[in-house]
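Encoded as structure tokens, the following chain is the form predicted on its own, with no partner shown.
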């Protein structure tokens, strides 16, 4: 207890220097744990881009490629799935629901996705959250479109504004004879849905009535009223989202689809494909953690340098302690305890700054980026970092403490020259 009282009194006597060192440690700990929070939050949000879907079905390619174009709207399918095959899968007794997806067109660099109204019922994100309409309503007319939050914000769109879909990706050929009307704007989700223009499968067929081979048929222009009377059943789909009756049937259904005899198909588990994709794109997280870890190390080295600097000024203090009967190991213990207390206060302050920042920034980050950073009791990893900083602070203090241990009584009593 005597050593603890002496250490605390010594820290208060050097309040300014100790305070600056504590703040440096606090900021470095807050940065490190903040990066860790963002990393885990980003990984969780990435994994929750699509939830509640048991299988994604498309033409045979690679699992990551299928995930990229069907969920993230990146790249294109190698082939389409015929409507007959889609219906065969939908008719299986182990399929509870199925949602078609048709891709290929765009609107001012945003992907246009054809689907059914069931997409809004079955697409889930962030562990089961439903898509919500911020303004307007889900499409009810053939030429209605629902747009994501980023589309509306970037292009400054409102309800009932017209939208003209372009044929293909980054194409100058537009379906300007059949404009769409914005019927709804979705709330921010932090998923690719935010950057998607959603229309019905029938609308995709309707705008391509007078098109063939990637171009408009010369001299042909079917009136919209006549198109509305046509059979607009799709001929093919790009992919499909599937929910099974029972989780136990997932693998048997996947095997049946992968062995489908009519055409080469691929069924993938979204969670497995997301893990494969994260293994590719998540490499930067290691570098980010390494950089923030170096900040903590720098702060601890700074604390050691501060102790070395102060040690020269505290030579007389150490000599007085020795003259009063303090043994060298007591001097060493006091200096190590001072460093451990400084590191503890710094780590506690860093945790406080982190959670204060989360309280302020959480709704802003969620609204702007759709990234959810939970505010919860410190995890085992965060507590391990806290303990590691305290232990590391005590360890780095051993170097100046050992120097003080070796100083003789006379060294502190001699006048400086």
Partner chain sequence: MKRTLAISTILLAGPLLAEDTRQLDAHEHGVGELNIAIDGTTLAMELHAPGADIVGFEYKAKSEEDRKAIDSGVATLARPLELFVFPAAAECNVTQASAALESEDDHHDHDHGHDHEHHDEHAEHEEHAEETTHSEFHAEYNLNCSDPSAISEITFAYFEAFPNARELEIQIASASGAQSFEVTREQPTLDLRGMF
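Numbering follows the first chain given and starts at 1. These numbers come from a predicted model, not from an experiment.
Below, we refer to the form predicted in complex with its partner chain, which is not included among the displayed structures.
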Item to check | its partner chain contact at residue 235 in the predicted complex, heavy atom, 4.5 Å | outcome: no
Checklist entry - So, in the predicted complex, is residue 179 in contact with its partner chain at a 4.5 angstroms heavy atom limit? => result no
Checklist entry - Is residue 117 close to its partner chain in the predicted complex, meaning a heavy atom pair under 4.5 Å apart or at it? => result no
Checklist entry - If you check in the predicted complex, is residue 271 within 4.5 Å of its partner chain, heavy atoms only? => result yes
Checklist outcome for this item: Within 4.5 Å of its partner chain in the predicted complex by heavy atoms, the stretch out of 155-163, 198-206, 250-258, 298-306 is 250-258
Checklist entry - Quick one: in the predicted complex, does every one of 60, 246 and 275 get a heavy atom within 4.5 Å of its partner chain? => result yes
Checklist entry - Of the options 84, 225, 262, 141, which one has a non-hydrogen atom that comes within 4.5 Å of its partner chain in the predicted complex? => result 262
